[in-house]
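This document opens with one chain alone, in structure tokens, the form predicted alone.
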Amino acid sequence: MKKVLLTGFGPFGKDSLNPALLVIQELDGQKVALKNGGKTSEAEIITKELSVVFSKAINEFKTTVETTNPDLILSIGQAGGRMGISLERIGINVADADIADNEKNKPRDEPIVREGPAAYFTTINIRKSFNEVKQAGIPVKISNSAGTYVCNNLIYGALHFLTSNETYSKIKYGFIHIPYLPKQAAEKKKITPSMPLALIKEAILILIKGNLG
């Protein structure tokens, strides 16, 4: 049976919850039916909460990959203010925070990996993923910037680790930014985009099937 690792971050900043963590908790342990030509199979979902902390999240990611050795990894993070599902194309080699992480770190203009390449591209089939989520009637876009906070830090660090290790180099990796939940948006002073958790969950399942089936 194939294995899918979903990672998600807990609350950070002024938010008391994070939909990224809630959605992986709902999907933990589920079996996903896959179709490949005329053959059918299943994939098991494994999940891991990562710290909203620069470098620490990367180390937690590495340990989890080493103990699970999945076929596909989808990391999920909250991007408040975005209109829909964002499929991140790239992670860049810089950590630059406007707000401190959950351990009060606030790096400025720091490389994630010294002497590392400028950027890494995610390795899921991003155009196919976009088309399949869109066809399901879920708002989605391909994003060419994951910012420079902990989410980008994880994308770059994860891909540097995977591509630098022959054992893990064939694992597909993608990062998905998701909007606020309606409950979160209702607490904001201004009208803010949101998406129900059920719809986010549906999009994640589509991405799993599309990149493993």
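Position 1 is the first residue in the sequence shown; the rest follow in order. None of these values were measured; they are calculated from a predicted model.
There is another form of this protein, the form predicted together with pyroglutamic acid (PCA), and it is not shown here; the text below is about that form.
Every residue in the set Phe9, Phe12 and His177 has a non-hydrogen atom no more than 4.5 Å from pyroglutamic acid (PCA) in the predicted complex. The chain is drawn here without pyroglutamic acid (PCA); in the predicted complex, the stretch among 71 to 79, 131 to 139, 109 to 117, 89 to 97 whose residues come within 4.5 Å of it by any heavy atom is 71 to 79. Not displayed here, pyroglutamic acid (PCA) is approached by Tyr149 to within 4.5 Å at the level of heavy atoms in the predicted complex. Residue contact with pyroglutamic acid (PCA) in the predicted complex: Val52 places a heavy atom within 4.5 Å of it.
Residues are counted as partner-facing when one of their heavy atoms sits within 4.5 Å of pyroglutamic acid (PCA) in the predicted complex; in 16 to 42 only Asn18 qualifies.
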